[in-house]
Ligand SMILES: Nc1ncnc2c1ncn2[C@@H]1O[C@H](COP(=O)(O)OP(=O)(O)O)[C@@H](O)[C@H]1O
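The chain below stands alone, shown as structure tokens; this is the form predicted alone.
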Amino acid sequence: MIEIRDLKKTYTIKGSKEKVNALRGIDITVNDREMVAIQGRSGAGKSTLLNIIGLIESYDDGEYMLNGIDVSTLSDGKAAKLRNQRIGFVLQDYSLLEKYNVKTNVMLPLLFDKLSSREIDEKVNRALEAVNIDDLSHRKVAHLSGGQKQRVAIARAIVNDPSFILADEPTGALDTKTSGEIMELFRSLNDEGKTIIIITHDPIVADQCKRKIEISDGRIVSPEQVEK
């Protein structure tokens, strides 16, 4: 469960003293097994919020509780461990190693754990099967289509069996048909019990989630809707 109260984040523009209020008192609750869209225009504060939820960025003020843990009390090491074990990330640009094959890309999060080669193979194969690309295990990422790359990114996000999947504009670089397939995959993962938060500016993508939260200029501008 994610509980955020009065969350604030300010940036100082590089090379000047000017400050930007990225988040201006955000209140959000995301229950386990929800599929939520955080919707807004470019610059609204969506990615900043996602990075804070994903324990990548810190915040200036407010409270963030992740499964009852006050994340402000975590050391960098404990935050990194929690992030690797509990949170999977899916990004618009895939963030894959193009020169390496699918299996190598998917296994990367497992390298932080003390696992045998057999255990790694089992986890990677299970993740690839879940996204229906187990036949592409040894193909180089550079030779894949955009939709296939996004499936690799999702497999990498779920290989550690995280509780939460955070996706930042996961369909932004895809055509309409492939976007629909990726959203169907997210819904399937949600049906299996994963909590999914999707950052998007696309109302069509947001409408496919069970709940929508709209953000503008660092503030929530629509009430949190009841889950469908």
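Counting begins at 1, following the sequence as shown. What you see is a predicted model; the values in this text were computed from it and never measured.
Note that the form predicted in complex with the named molecule isn't included here; everything after this is about it.
Asker: Does any part of residue 22 reach within 4.5 Å of the named molecule in the predicted complex? Heavy atoms only, please.
Answerer: Residue-level check for residue 22: yes, a contact with the named molecule.
Asker: Looking at the partner-bound form in the predicted complex, is residue 48 within 4.5 Å of the named molecule by any heavy atom?
Answerer: Residue-level check for residue 48: yes, a contact with the named molecule.
Asker: Are any of the heavy atoms in residue 42 no more than 4.5 Å from a heavy atom of the named molecule in the predicted complex?
Answerer: Contact check for residue 42: yes, within 4.5 Å of the named molecule in the predicted complex.
Asker: I'd like to know whether residue 13 contacts the named molecule in the predicted complex, with contact meaning heavy atoms within 4.5 angstroms.
Answerer: Yes - in the predicted complex, heavy atoms of residue 13 and the named molecule come within 4.5 Å of each other.
Asker: Using a 4.5 Å heavy atom cut-off, indicate which stretch of 178-186, 157-165, 34-42, 63-71 touches the named molecule in the predicted complex.
Answerer: Heavy-atom contact with the partner occurs in 34-42.
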